[in-house]
Structure formats: structure tokens, C-alpha cells
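First, one chain by itself: the form predicted alone, in C-alpha cells.
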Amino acid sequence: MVSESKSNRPQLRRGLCYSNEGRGQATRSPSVIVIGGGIAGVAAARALHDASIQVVLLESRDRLGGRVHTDFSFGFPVDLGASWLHGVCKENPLAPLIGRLGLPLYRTSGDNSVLYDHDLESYALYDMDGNQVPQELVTKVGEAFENILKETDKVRLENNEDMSILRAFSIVFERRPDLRLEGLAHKVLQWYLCRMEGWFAADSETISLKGWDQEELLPGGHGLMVRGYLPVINTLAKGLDIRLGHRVTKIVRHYNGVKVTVEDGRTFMADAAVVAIPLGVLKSKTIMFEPKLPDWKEEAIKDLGVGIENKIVLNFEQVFWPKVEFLGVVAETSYGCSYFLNLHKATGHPVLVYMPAGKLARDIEKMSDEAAANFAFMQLKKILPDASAPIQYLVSRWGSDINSLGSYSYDTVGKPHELYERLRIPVDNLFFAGEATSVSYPGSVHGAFSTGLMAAEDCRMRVLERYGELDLFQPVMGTEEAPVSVPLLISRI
């Protein structure tokens, strides 16, 4: 059983039997500690619980969800973290759950959008003087951007050594001067690059040329979660033993179990643990592993990149902007460009979301919330001089938040894509989950969810093998509730 070694146990206990270390072993049963309450950790805990294994989930925050964070302070849901379902199709592992919950999606792109998460169907781009960029120019530059990306593929195939996307672009321009753009067209191209950097949450000089196109995309395009991701988290967490405010500081593994220590000195013991901790936190080494993790695991943690993309959410009294899905500001550099997601188009609420990434996001994190919101509003005023001030704002800080220390993972220059798999591979009775352990779908909610299920199944087999109860024909999710195929509610206005 999961055992807590001190008598001053937390008050929240649901459905698990705890014992002091001195009690006998007569009631021993398979047990697992899940560390981290993001969607990977909650999915793992749900699966193990449903497989009749005793589970306690330890989460450092005072809420569940991790980098999935639906905020209700405006009186309606706004996702400050993940907000899209990337791949609106039955192949998406989250589709059955989202379908059963009847959660609507707003389609922002099809399968082959050059902007990754948007089609060029509903937009308005402006220069710094507030002049709207002609749509035919945006389309023309989009075609040029696609041609540049095709040329970078040739560069990648010709070079054994990896390089950054930015360096590859320079080589393409040297070879193909006809692809160079000047004036306003150059600024629009920088905006396309800005959106690419937003997809990876990193700057183009750090994104790997060999790794950037290794990420697989499910079919169906991308759908914005209109009511937020929180209903998904809450459904998965129902009935679980969850300990909020339990920041793990040490994980000790033995041949027959694990002992996990939290910040106030309390310890929890079980047969195994699922480590569903964000890559940024693993990098910070604020959690001690004893014995230390193998070198190959530590190298994977060190060499994988973790980027930053933040949201500055501006809530207005009324809508004063065009009825488009997004607004953009073009500039001489990608750093100077801006992107605003129009939530009014999808949800009916007068909200714009400014989404900086990479160095710009890090620089804005140095500001106060008020200064950050004012910075975003000033970008908006450049293109809409008559814009009225927001009545409320929200600011995310994924890079400096000690519970995340970054938004999501990406391939860095010169490092192999296989690092995601290395991060996933178990170490003795420690099993790893999270978006940074997903080889095919890193940086996505469904990727994180899938790794939680995989870690739970690996963990289940290991634990039941120890107890002599292994049944290879009962997978971790069980057969208690047969999956129901419910169409996803996807629309576009």
C-alpha cells in the first residue's frame, strides 16, 4: 500500500489505506505514487486507479492541470496554458473523452496550414503605422515562406551537421536571391517566422533544422477548446487521492519500492512512481534523485530544449476590432512582430490574447503584470489607434513559474530527436511521462495524455509482476467502460 511515514498526514484522503511504517505487511497491495498533476500525471493516476492499484498523486501547485490552466476570473473560461486540440480526429486519444463531455471546438485550421495553427482565411495584418497589409501580399508571402521551407529541406539533406532554422534560411537566401523579400513583404515574412517560433515557443536561432519537421501532426487540423481544458482534467481526476501543495524534493528508489519526500519533510512510500514533472523542473535539479539518474537520462534532460510562449489576455468592455480570428503586427524582425488571438470569434467574449514567444516572452516576464498588459495594449494601439483600454487582464509566466520553468519542449540544434524516447524510458521502478517524453507529439496535450497512459501500463505490469498478479490481457485502462464513439463538435464561423 502507499504509506506515509509521519503521523501528521494531510487532511485530504480519498479511498486509500495508509499505515505507519511500524504496521505489519498483512494488507500489502500494489501501490504507486504519481508525481505531477498535469494531464500526463492525472491520466496515469486515473488509469492505475481504474486498474485497482492504490494511487496517490502529489502536486506542488494548489490546483490540478499543470500547464493546462483554465482561468475563470473574467466570469467565463480562458485557457492561460494549452488551449488547442492539435488533430481534430478520431485518432486523437483525447477525442473519445472530449466527445463524451460534449465540449465544443472551434476550428482554426485544416491539415496543411502554413501558420501551423491557423489557416489564412480570417485575419488582419498591419504595419507599425496602422496600415492594413493587403491580403494578396500576405498570401504571396505565404507562398514564398512555403518555398523557403522546401528549400531548407534540401539544405538539411545535403548537410550531415545540424544547424538552426535561421542559419538554413540564410543559406537558402544565398542560393536563391529570388526568394529574398524587401520592404513590406520582408516584414510579412518576419511575421510568418514569428508564428513558426510561436509553434516551437523558441527563437529560430535555437530551433534544430533536422528536428523541426520530425514532429507528426494528426489529421483534422486544430481546434480551440471553446470552454477550456478544465473539464477534461476534472473528469480524469474524479475520485482520485490527490494531494495539492505537495512539492516533491527527493525521490529515492530501492529494489522493492520508492520513497518520495515533499517540501515539509513528509514522506510517501509505494512500490513504484510515475514521474510526470515538466522538463523545465527536471532541468532545474530542484528534485534530488537517489541514487542519481543514469547519465543517459540526465543528458536527455539537459539536451532537450524547453521554450516559452506566454499569454497576455485582455478583456474589453466591447469589441472594437475587425471580425477576424487573429490580428497581427508585421515588423523588420520576428522579435518586433505581434500576434493577437481573437477569442470573440470563437467564444463570443470581447477578449484578445497577445501571445509572445521565445526571447520576447522572456523579456516580458521581467515586467510586472500591469506593465506586461500595458505592453500588449500598446502593440494593439499601434494598429488600432482608437482602441479602448482593457477592463481586466491576465498574464501567464510559464518561464519563471517554479512549477513549470518553461512552456513545452522542442529539438535544439545538434541534438537527436531520440532524446524524447530516452526521457520516457523507465529507470528501475520510476516511470516517466509528460509532453517531453512523447516522441511523435511533443508539446501537445494529447501527446502528454498518451505518455501518461503508457507510463501507467508499464508501471502496472512492473508492479503486478512483483506481486505475481500480472495479467497481460487486462490493459491499464480496463474494460469497465467501453469507449463510446461520439463525434467531436467542431465548427467554424
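A residue's number is simply how far along the shown sequence it sits, counting from 1. Just so it is clear, the structure is predicted and the values come from calculations on it, not from any experiment.
Keep in mind that the form predicted together with a small molecule is not shown, yet the notes after this line are about it.
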Answer with yes or no whether A185 is in contact with the small molecule in the predicted complex, where contact means some heavy atom within 4.5 Å.
-> no
Is there any non-hydrogen atom of F340 lying within 4.5 Å of the small molecule in the predicted complex?
-> no
Quick one: is E325 in contact with the small molecule in the predicted complex, heavy atoms, 4.5 Å cut-off?
-> no
Does I287 reach the small molecule in the predicted complex, with heavy atoms at most 4.5 Å apart?
-> yes
Heavy atom within 4.5 Å of the small molecule in the predicted complex, from candidates A346, L209, V133, I277, belongs to I277
Candidate stretches 84 to 92, 414 to 422, 187 to 195, 372 to 380 - the one whose heavy atoms come within 4.5 Å of the small molecule in the predicted complex = 84 to 92
